[in-house]
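Here you get one chain, nothing else, as structure tokens; it is the form predicted on its own.
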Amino acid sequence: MDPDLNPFAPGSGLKPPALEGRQAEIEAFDRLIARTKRKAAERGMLLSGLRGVGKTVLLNNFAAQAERHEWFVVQIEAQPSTEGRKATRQKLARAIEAGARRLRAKSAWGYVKDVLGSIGSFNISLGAAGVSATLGTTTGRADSGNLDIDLEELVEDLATAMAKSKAGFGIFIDEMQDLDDELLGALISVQHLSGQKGWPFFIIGAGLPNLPGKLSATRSYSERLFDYRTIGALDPASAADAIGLPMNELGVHLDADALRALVTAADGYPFFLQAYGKAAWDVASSKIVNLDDARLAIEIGTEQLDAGFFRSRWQRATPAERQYLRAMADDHDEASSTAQVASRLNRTASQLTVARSNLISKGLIYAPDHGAVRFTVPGMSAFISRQFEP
């Protein structure tokens, strides 16, 4: 079929042609917006799950919905490493200024323009002085040099301004587990205070499955501040709709066996569904996709996933780190005991601490529990096994 009409475009954060199986999360965010308009109490929201399950797509959907309701929207992606965390602070400063600019033609601008100096002062406190040049500063607001104090004053000024137009102030953070501890702690603290003061300020975050644990370790009360949502694989019906509906809308039909094969191969993971759906469209010679087409699509889709989605992660690991990953693959995609991994490599767990830490820093694995590690992407164990097939 015509590749130019292919509805599938697998990519990081790209919205799929049919956003299926996430209605509960979408409705929960819609309620947050509606309750904010009524000045009713509400919590922020955190999405956690493996890579490739659609967290970023949902986060982008929420941010777009907030913008349609004329919220003050700030959207960033956190980065690991010292340099990455410094860059994250710079991006936060720029995103706050951009959020203000987007409101210039909106009803909230009459209130927001009066507190622009707080943004300028906060950006200097954040270490992004150049960003504040067009905003000016306000003496005595968000200018103490203490991040906790300055963020609190910024949020108070902006959230109070947004409340006057019955809208909210939201910071949407992808890869939230990579925020530096100081900034993460300050954000959690101000979310806590906002709930107590009735300020319409909300953190909407997304990250790996260890994100809730990291927040709890940073501020023990964080478990009560957010609506926690675990984002996993789609159920079979939603997975079938994610592939079938976009094709049906273009006059293409998958027979039952073909659809079942594609859904089974993807195991419900949205990114894999997009990859196999794209391949199925490309290989089909008619508007009826049959089982043979599906089998070829699975073969091609898996090769493409191996070449990009998986291999890009594998290549970031050193030879020693790849040995660690290979030992983990014996547990398939379940959590691996660090002691068992060490035993398989004839080493002690302490001898492998550096490799384990580096793999976590690179985002290839995470620690779901003390003494345990797990792959951050589904299907990684199968990919590793394919690399060593005879």
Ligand SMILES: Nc1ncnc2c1ncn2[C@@H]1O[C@H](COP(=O)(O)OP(=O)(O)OP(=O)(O)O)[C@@H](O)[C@H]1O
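Sequential numbering from 1, following the sequence displayed. Here the structure is a predicted model, which is why all the values come from computation and not from measurement.
Heads up, the form predicted in complex with the named molecule isn't pictured, but that's what we're talking about next.
- When the named molecule is considered in the predicted complex, residue 10 lines it closely, a heavy atom lying within 4.5 Å.
- The named molecule is not shown here, and in the predicted complex it never comes within 4.5 Å of any heavy atom of residue 281.
- When the named molecule is considered in the predicted complex, residue 56 lines it closely, a heavy atom lying within 4.5 Å.
- Contact between residue 16 and the named molecule in the predicted complex is found at the 4.5 Å heavy atom cutoff.
- Using a 4.5 Å cut-off to the named molecule in the predicted complex, each of 20, 50 and 274 places a heavy atom inside that distance.
- Residues placing heavy atoms within 4.5 Å of the named molecule in the predicted complex fall in a single listed stretch, namely 263-271, out of 151-159, 117-125, 103-111, 263-271.
- Listed residues 215, 242, 179, 187 were compared with the named molecule in the predicted complex; 242 is the one with a heavy atom within 4.5 Å.
- Comment: the named molecule is not present in this chain, but in the predicted complex one of 204, 73, 297, 234 has a heavy atom within 4.5 Å of it, namely 234.
- Taking the named molecule as it sits in the predicted complex, the stretch 174-195 comes within 4.5 angstroms of it through a non-hydrogen atom at just one residue, 175.
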